[in-house]
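Just the one chain here, the form predicted on its own, laid out as structure tokens.
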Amino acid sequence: MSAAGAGREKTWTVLELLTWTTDYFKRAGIDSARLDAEVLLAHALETERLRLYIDYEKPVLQEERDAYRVLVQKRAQERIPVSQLLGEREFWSLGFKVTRDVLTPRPETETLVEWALSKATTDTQEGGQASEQPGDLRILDLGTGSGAIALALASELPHAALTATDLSPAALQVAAKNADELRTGERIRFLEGDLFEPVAKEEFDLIVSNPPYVAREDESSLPPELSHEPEIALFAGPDGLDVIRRLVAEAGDHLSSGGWLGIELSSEQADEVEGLLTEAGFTDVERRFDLASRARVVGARWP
């Protein structure tokens, strides 16, 4: 039987295709086998996942099975992420276009958005009050990629002025398209350059970043799906901290008094990054944990 079990001698129902594909994905070592099968079949049928279970006895047409088979083969054999096969990913309940030029937005990064919102609505404003005038709150997203963090914050903070930078012009094109789709393009500056280079002499009330933090020595143990994402957004030297060290060292020159810096990282790096922040002169160093109870964000205030 070919991938997706779409032989021409048999009529396949929605449920049969899902069952076959789930088993096929499991044998291929894909952890999210059932979910991936559902998402790809819904895409091939141009419907919602919920409809699959409402119509689980519905026969799937040959042309629909052909389209599904192509997706299944690419997922199982080439290990292309589902987000790239579909060209989109949901983050913070918003739809984002994704390509091989950007990291796929991941659920754990929402931890950084939550942390940033907690600071944006309290600590960054004088007197503990949220910003009410356009541009009152200045936010910088370093290494924006698809724009997920900046656009999530823009959706929650209508009066904030946001700047998003990235070293990759291709990534910035994706981010700008996402901003246009979400109708926030006029509120965000997208600038090309390395870390703080595009915002020399500028200050911000809140700086957030999901920088590269994977150690190069861990490359061989990574899931094969990551080979389809940009290396420049993943790896940061032997211990994964090359970019974070630079970020911490330079951030103070770009933070207003009492402003906050928040960095996404691996839980194993939290202790060292907290030390870097303290050595650089930051105060009120704190951690924020993701849904798996792992340290995902380290934040600190500039005195």
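These figures come from a predicted structure and were not determined experimentally. So that there is no doubt, residue numbering starts at 1 and follows the sequence shown.
Below, we refer to the form predicted in complex with a small molecule, which is not included among the displayed structures.
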The one residue among A164, A116, V72, A148 placing a heavy atom within 4.5 Å of the small molecule in the predicted complex is A148
Interface check vs the small molecule in the predicted complex: of L85, L195, L94, A176, the one with a heavy atom inside 4.5 Å is L195
Note: the small molecule not shown here; in the predicted complex, the stretch from 182 to 190, 216 to 224, 73 to 81, 97 to 105 having heavy atoms within 4.5 Å of it is 97 to 105
**Study point:** Exercise: R246 in contact with the small molecule in the predicted complex, heavy atom 4.5 Å
**Key:** yes
**Asked** Are any of the heavy atoms in V199 no more than 4.5 Å from a heavy atom of the small molecule in the predicted complex?
**Response** no
In the predicted complex, N210 touching the small molecule (heavy atom, 4.5 Å)
yes
Exercise. Is T111 close enough to touch the small molecule in the predicted complex, meaning at least one heavy atom pair within 4.5 Å?
Worked result: no
